[in-house]
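This document starts with one chain, in the form predicted alone, laid out as structure tokens.
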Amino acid sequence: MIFARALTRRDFDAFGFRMTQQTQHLTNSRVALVTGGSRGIGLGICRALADEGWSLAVGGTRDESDVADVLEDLCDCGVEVAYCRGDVAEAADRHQILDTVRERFGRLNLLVNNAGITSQGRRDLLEADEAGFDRVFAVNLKGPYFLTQAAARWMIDQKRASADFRGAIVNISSVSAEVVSTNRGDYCLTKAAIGMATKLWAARLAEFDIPVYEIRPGVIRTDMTAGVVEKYDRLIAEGLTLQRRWGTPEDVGRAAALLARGDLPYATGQVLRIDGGLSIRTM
């Protein structure tokens, strides 16, 4: 099921805003689709992009009423926002999400594949079941893989129509692509596979000058990690990360904004590790 809504002039008035010169340029701004953009890392990315004037298509699975405050907060930055409700694991939802972006904005410059779930029940490898495995793979790997396929086709069409078109794709993975968690085997496998997907799409889209990147966050304080705060407080204090603090969604958002601006040229297929030095081995 999909619900999509763009915030309009009437919405701005309802929120107490006036249409200023900043908001009048919305129809000419670049458009980003951020899956899982209504919470956690995805919201951090949306806020960073909104601060730089991007129009936003915010993907999520919650009801509109549950994200109204989030949309209003993003709207405070003077950007146009559309909420697209849908499950990236479902083909029909993926197509409808892009149809909604096309109807609301008429273009797409940036896809951020952020939506993801952790292992259901965090079961040990010896106890994990196939149903949980299939669900994690559907959301974390199949969804972004085929959403990228559809978005890339549209970006190629836009590039052919206008030589000035700039597009990019950013995949959000995890240090779990490299670091073993035996109670989250399916999650680790999907994040490792996202790394290869980044390389595959970077190679395939290079001829169209559409760069593809991967951001690999470390221990980030979000609702997904709320149940393991005590564990990681201790590990961080003991030196798990070189920078002895939790990462934040804002840290990842700033990295995504850097890539969106094109400030890392000639680097398609590369990985940004936003992990406070967790992945650096020390003696």
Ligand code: NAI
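Start at 1 and count along the sequence shown; that's the residue number. Not measured: the values here are computed from a predicted model.
Below, we refer to the form predicted together with the ligand, which is not included among the displayed structures.
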Q. Are any of the heavy atoms in Ala193 no more than 4.5 Å from a heavy atom of the ligand in the predicted complex?
A. no
Q: May I ask you to check whether Ala32 falls inside a 4.5 Å heavy atom distance of the ligand in the predicted complex?
A: no
Notebook entry, point to check: Would Thr198 count as touching the ligand in the predicted complex under a 4.5 Å heavy atom rule?
Noted result: no
Verify the contact flag for Gly78: yes if a non-hydrogen atom of it lies within 4.5 Å of a non-hydrogen atom of the ligand in the predicted complex, no if not.
no
TL;DR on 253-261, 48-56, 233-241, 35-43: the one with heavy atoms within 4.5 Å of the ligand in the predicted complex is 35-43
Answer key, the ligand contact in the predicted complex at 4.5 Å (heavy atoms) among Val139, Ile210, Val170, Val101: the residue is Val139
Restricting to 197-229, the residues within 4.5 Å of the ligand in the predicted complex through any heavy atom are Pro217, Gly218, Val219, Ile220, Thr222, Asp223, Met224, Thr225
